[in-house]
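Quick setup: one chain, the form predicted alone, written in structure tokens, and binding and motion questions come after.
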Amino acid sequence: MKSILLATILGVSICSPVQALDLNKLLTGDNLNKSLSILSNAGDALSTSAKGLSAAQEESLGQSVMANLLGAEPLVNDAKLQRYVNQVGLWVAMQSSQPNLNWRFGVIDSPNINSFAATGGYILITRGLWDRLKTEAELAAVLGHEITHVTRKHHAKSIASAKGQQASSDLIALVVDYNNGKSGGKSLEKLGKAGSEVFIRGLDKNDEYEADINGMVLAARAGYNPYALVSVLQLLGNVSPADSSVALLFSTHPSPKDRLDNIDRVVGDKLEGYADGAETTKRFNQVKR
């Protein structure tokens, strides 16, 4: 059974079209200017409900946030790694409620342990996290968690909430400036920072718990051992809170212990029938070398 699932994963992933890997294109001024233009009608939506954001506005907001992240930490210069992470991510995303979203994945050159998602289907993990993952199933679990943040619109919801009030206000102010013809370099720079405010403040802890559980379901559907997320959280739990590489992660997420306790309460052994899913793969080991 396990070998059949693994063959299915590899076969579909290889046949799947790999999305454009050059996320650095997001850093161009033209792209950011276009984002401001598309977001020019987003003020009311951001101030009322995340459901009011159109697909184009979510895409533009995601572009701006990712451009801001990539401006600080570029992609790891390893095309093979970037292609592989896209293959795994796309396969897991195909199991989600939005399989046709224009999903893009990447590994950024940061020693910190973290992963990020943004509206529109943008997902990044850090080199620090990648270096610590031991199996493809663990990578799938991390990506499944982030994919859930996108499909459940957690970031857009946070921006529209009181918790993201500052980010929302900044975005609305930028849109007003744009509409008044005041958009310039500083406004473009602030656009990404405003959207990135959520990464600093963190999401609602219930959204993190939901991403854990649904991420496990997506991993199981993709043919992986869903309990690989437990391994990742145990890994995180063994990192000292005083370690600067986890400072942002620990300040924006429930503790690994609390997340493990929640998985035990909600999932328990309900996914045990999928525990013989794929874990490590030949291609994972090849990229890890």
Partner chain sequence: MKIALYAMLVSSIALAEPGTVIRKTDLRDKPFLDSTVIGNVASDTPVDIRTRKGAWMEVKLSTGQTGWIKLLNVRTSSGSTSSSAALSNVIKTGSSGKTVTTGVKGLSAEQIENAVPNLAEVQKMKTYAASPGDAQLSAQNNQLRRVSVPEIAPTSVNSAPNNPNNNPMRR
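Numbering follows the first chain given and starts at 1. Remember, it's a predicted structure, so these values are computed and weren't measured experimentally.
One more form of this protein should be noted, the form predicted together with the partner chain, which is absent from this view; the next part is about it.
- In the predicted bound form, the partner chain sits within 4.5 Å of a heavy atom belonging to Glu59.
- Looking at Trp130, you'd find every heavy atom of it more than 4.5 angstroms from the partner chain in the predicted bound form.
- The partner chain in the predicted bound form comes within 4.5 Å of a heavy atom belonging to Asn86.
- Looking at Val217, you'd find a heavy atom of it within 4.5 angstroms of the partner chain in the predicted bound form.
- Within 4.5 angstroms of the partner chain in the predicted bound form, the stretch 131-155 places a non-hydrogen atom from each of Glu136, Arg152, taken in sequence order.
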